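First come two forms of one protein chain, each written alone as structure tokens, so that there is a structure 1 and a structure 2.
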Structure 1
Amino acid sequence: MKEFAGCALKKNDLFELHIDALGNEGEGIGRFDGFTFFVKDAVPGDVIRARVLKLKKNYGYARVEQLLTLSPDRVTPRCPVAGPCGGCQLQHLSYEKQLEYKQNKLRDCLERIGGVAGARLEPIIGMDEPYFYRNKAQFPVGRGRDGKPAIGFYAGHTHSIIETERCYIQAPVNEALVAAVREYLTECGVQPYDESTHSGLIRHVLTRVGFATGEIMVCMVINGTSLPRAEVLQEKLERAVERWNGEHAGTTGENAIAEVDGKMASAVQYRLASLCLNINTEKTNRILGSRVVPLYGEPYITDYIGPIQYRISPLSFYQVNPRQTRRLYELALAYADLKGSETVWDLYCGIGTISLFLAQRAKMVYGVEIVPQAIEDARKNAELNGITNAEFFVGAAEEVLPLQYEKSGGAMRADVVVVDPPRKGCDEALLRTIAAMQPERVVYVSCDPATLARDVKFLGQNGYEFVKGRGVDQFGMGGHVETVVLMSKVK
């Protein structure tokens, strides 16, 4: 028997474990003879009988074999497949404790990785309703054990599809959309995609729902160039949406979602506004290809965040939680502390979501994004809202910023820089460029506390100090947290 760091356990052994913390992905953490174990679906305060799954040099993975003592913070998940499904990590933890966990994770990263001693953090902004909040879904399509088309979500860290009739974090109308697609596949004999053989047609079903407008997009991601009998799918989707509207009377209040007689009801009347194809014929795990083919309606839908309207295509990055996104952007706007005379650079601007919010109070906003289609959407969104003090550039921000600054003779100097990078954080060359331009304030919007903390540390070593930060929970039942941080130039 091989021992690891003094731990005599081996794979498949059973042992008793007390869970005392949560990891970065929401997994429970316990220690046995000084050896750390990570356990999915366990929460602090649980005492479990655990089974060893895998052992590394200094840590291991285990699963819950039996709950011996239940944590007072444990709750029964609303979703019957919350355990095996990879979409939610924290449905078994009370929402109050989810927020506490995210606040602590943010503080720990800023202090431990970012070197910000006693980081000033305002209380995390929680959700009023931590269910049914997502406006975007990506459903993988495959074949079930019965040979019929299977549509659902991947089990955690696998590509095995967990079928479900209802997802408790998605827009409820998706139930009707998925049922219509499933019916179409069966009736028309359209084959699901098979990853192992790279055969079959339907890879994913992507949906976007406008919570304010009621506009719905269904985008079929296909391993081909055309969809057989597309008119049948369109008809089934339209009928499904009509039935949904009839069965779920709208409630009062903007974007309201409430439970009426055990069913979900939405304040808006939905309509199918866009049906399109996304062509992805590559043998890859990447969900979307680069080519979109409209079948019905426009290749986009529109929705609002606060007073700003946005055009959203299948390839657009657009925050998935519109209610919390408004709070996130309003927080970023407050941290920017604009008086109306400032020049603002918005880096990683995407389709201009934050840029247009900032333009409400800035003299001029310049957005930079490396994806050409996103910049095209950003320009259209500015035009859609009658915003004339926002200009957008395609390219890497670390190249665009100094070039435009030089070309303008210094007139395009940044008073405030806002960054909203992907999970990997900012490129170091970009951070150096920001520091060299010496804006008065840097507002950092982040979806990953660890890379945020790393970049805060870099800016702290290059002329900026951490002023304050605040988390915004965009992902109820999940382990991620959005954050806004204010950095100020050291005088």
Structure 2
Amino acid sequence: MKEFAGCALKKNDLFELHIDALGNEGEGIGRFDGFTFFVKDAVPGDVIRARVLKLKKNYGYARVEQLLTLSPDRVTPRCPVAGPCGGCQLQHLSYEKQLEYKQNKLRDCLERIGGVAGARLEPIIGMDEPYFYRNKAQFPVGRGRDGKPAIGFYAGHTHSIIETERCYIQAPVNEALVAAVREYLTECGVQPYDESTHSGLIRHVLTRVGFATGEIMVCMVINGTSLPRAEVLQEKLERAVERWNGEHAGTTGENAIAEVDGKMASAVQYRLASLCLNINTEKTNRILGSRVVPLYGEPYITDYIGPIQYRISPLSFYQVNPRQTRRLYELALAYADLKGSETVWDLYCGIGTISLFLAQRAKMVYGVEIVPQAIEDARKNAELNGITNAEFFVGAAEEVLPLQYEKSGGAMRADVVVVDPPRKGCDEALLRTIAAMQPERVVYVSCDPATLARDVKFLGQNGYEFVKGRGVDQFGMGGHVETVVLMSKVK
């Protein structure tokens, strides 16, 4: 067994570890002998007997062999499979502490990576009900130990499937949808996909639920081009939804989705609005393929965030937590501080969600997004809402914006630029063009504090200063942090 300078431990050794921080994926962090150890399901304040799983040059992974002292911040997870399932990371930590951890992480990144000393952070906006909040689920389909088709979630870091009747962060109606799909697979003898042999048909079941409209989409991701006896699945799903409506009409509590726009979503009647296929015949870890085949209903669902109606296709990005998304967009709008005469660019605009929010208060909004289907949705969404002051471009933000800027001979200006990039953050070519356009304000919506901080630093070196920031928790029980930051042009 290889040993490492600086750490007297080797694989499988037992040692006592004090957990004093949380890592990026919600894992506990403790230090021993100058080494940093990452431990799944441990929280700050725990003292554990740890077993070494893996050692790297100056850090390692360990697992909890025994909890010696329980952290006072521990709570009992509501979900019986919270430990093994990879879906949630923080169910064993009180929600209050989850928020505190996210706030601290944000501050730490902005100060350490972003170089913003004493960053002005408003208190993170937590969720009123940190369970049952997700509108989108991607259930992997495979086989259980008994060889029968299994639908559930991946266990952490593996592709073995944990089956569970109820997921505590998903819209509860998924229970009925998954049960109907399971029944269909068994009754019709439809085979789950097998990764190791690249055979079998059903890879994933993607569901989307419109919290405000009750519209449901079920998209079967398949290793093939057609679904046998699709009408049986459709009928089972429709019946399951009907039954669910009957059993849960007007209920509150665990089975109800809390209030959305003044209406109890449980009082919303669910309806199977879309059943479709997504074709993915590649040998890949990627969940979705690029082709969608509608089977029943529309190839999209509609939903509302605040007053704006959105049409959402299977391949389009849509925020997964509609209640908090409204707060997120309202915050972005407040930071943009529009008076009605402004020209605004919304980069990484998806289906035009933020663009259309901004268009209510701006003269003109331009959106840029790389997924063509999302831009189709964005244009449709502008039309649906009677918004005529929004225009959309398909392409990479770091190509479209510099190109438009160049075409204008460097004359193109914006009053406000909003960016909402994926986790890897913004490309430097984009940030450089934004700085050259000299908007008064840049509103940065981020799902990764580290890349946010990196980009804040770049803008800070190119004529902008950090004004304020605020987290909006979109992922209760998960480790990720969503943030809005305002930067303004240095006068």
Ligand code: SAH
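Keep in mind the model is a prediction, meaning the values are calculated, not measured. FYI, numbering is relative to structure 1, first residue = 1. The term rigid core refers to the maximal set of C-alpha atoms that superpose within 1.5 Å between the two forms.
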item: Which of the two shown is the form predicted alone; value: 1
item: Threshold 2 Å Cα movement between the two structures for residue 177, core superposed; value: no
item: Flag for residue 215, CA shift 2 Å or larger between the two structures after aligning core; value: no
item: Is_shifted residue 398 between the two structures (CA, 2 Å cut-off, rigid core); value: yes
